[in-house]
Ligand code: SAH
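First, one chain by itself in structure tokens, the form predicted on its own.
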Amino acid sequence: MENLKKNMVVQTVIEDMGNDGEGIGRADGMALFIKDAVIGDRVEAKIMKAKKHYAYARLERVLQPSPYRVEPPCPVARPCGGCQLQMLDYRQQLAYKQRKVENALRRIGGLEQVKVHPILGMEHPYRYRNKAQFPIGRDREGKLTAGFYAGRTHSIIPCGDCLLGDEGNQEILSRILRHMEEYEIPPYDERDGSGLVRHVLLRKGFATGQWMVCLVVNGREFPGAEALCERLQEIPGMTSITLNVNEGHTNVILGEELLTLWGQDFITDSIGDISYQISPLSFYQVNPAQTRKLYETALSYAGLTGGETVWDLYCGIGTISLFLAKKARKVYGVEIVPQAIENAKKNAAMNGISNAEFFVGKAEEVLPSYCAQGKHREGMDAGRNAGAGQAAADGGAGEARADVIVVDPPRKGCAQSLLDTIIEMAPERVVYVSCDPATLARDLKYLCAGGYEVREVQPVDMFGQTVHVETVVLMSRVKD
């Protein structure tokens, strides 16, 4: 049997799809990972990198298309790489994401018997994003351009109208680029740190129609700012125009300082009957229709009756916290971004919610510290007066406990110290909202070893055309 080598051309049938959406076939007994191939395709591919038991290959031709293959509506779907599944029928996208969650729970979490509910799909899997971040650069002819980075590169694929985003993005971008040309404003060049404009961040409140424009710049001023603001104010719903200062030689998109050019430094949107103020630095789910399904599932799993104390970790601008607060006695939210916490406090006040309190810091530091302080105070109180612990319940010491803990961590999942604190606090229920099945499965395994069991698993498709999937899990404490 001849081993596969670089530059060999082989034929294979795609039998499965990997975590990043790549097709998986076999040749000469080796697994082949082929980007842009979908399950059921018979393809011709060129070996790009060969290992001992597997190889990476580039799709050369689709010899016989899969019955699930569709023509991507976006002309730059393949080079852009942002929509890894756009060539796959949407129903099969949902099936792929369902398998992704189930496989992670089984293989990583060891959760063989856990039933996963059918994924909640989207009615309209395009034009659903309320946020877009466009890098600004120059094309090969030196003309200003905006678009998205090609997969695993910082080469910009020109695309002013991403089909996942709002149609208004293109008009706003064209006005900004026209202004940059007229005022000879250079884009940022990450090779030498020169130039001014790095990214354009756009957000739209789908419920309110309000627009936010945030220019991420390598400086503190913007030439012709007043003229640009006048141009952008002609866009219906324009509400906020800001500069985000990022002078670091870094790949991080946003800096920490925000300067208001015109209007407010936030927009307002709503999910269900709760309104939110959203700043450029705030985390806010990009798909409002599916976010409501996600949060309603989390609220249902929390099982609140009105007397519970709830901790919402990685709370952002309080999106889940405020949903929970309407049904709980008290909600505490924790988030590392100070501006997000300021938004969360304003959001609580704006919605007339007085039983939500928010803390700035890392969840893996704030919760253990608060728990330790509470236990210390409770011990001192117990030494003085056996009834003082209950009397202090609303003052902090009694709140070093929780009936329900909700976590919505970033892709890397929860720190072990946080999981240890959750186990130590022993809430009746843990609601885990995850954007990564692998780290979800890892953390569930740890919590199960610490006295919890998985009761419900609900995947939600928040990101049609991409490989990403959100999952809501209910865990309950195993009774002795």
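Remember, it's a predicted structure, so these values are computed and weren't measured experimentally. The first residue of the shown sequence is 1; numbering continues from there.
Heads up, the form predicted in complex with this ligand isn't pictured, but that's what we're talking about next.
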property	result
Contact at I320, V337 and P410 by this ligand in the predicted complex, all three, heavy atom at most 4.5 Å	yes
Of K345, R129, K326, K362, the one that lies within 4.5 Å of this ligand in the predicted complex (heavy atoms)	K362
Residue (of F206, Y314, F148, F358) lying close to this ligand in the predicted complex, criterion heavy atoms within 4.5 Å	Y314
This ligand contact at F134 in the predicted complex, heavy atom, 4.5 Å	no
Any non-hydrogen atom of Y332 within 4.5 angstroms of this ligand in the predicted complex	no
4.5 Å heavy atom contact, Y188 to this ligand in the predicted complex	no
Contact flag, Q285 vs this ligand in the predicted complex, heavy atom cut 4.5 Å	yes
Stretch in contact in the predicted complex with this ligand, which is absent here, among 179-187, 89-97, 363-371, 215-223 (heavy atoms within 4.5 Å)	363-371
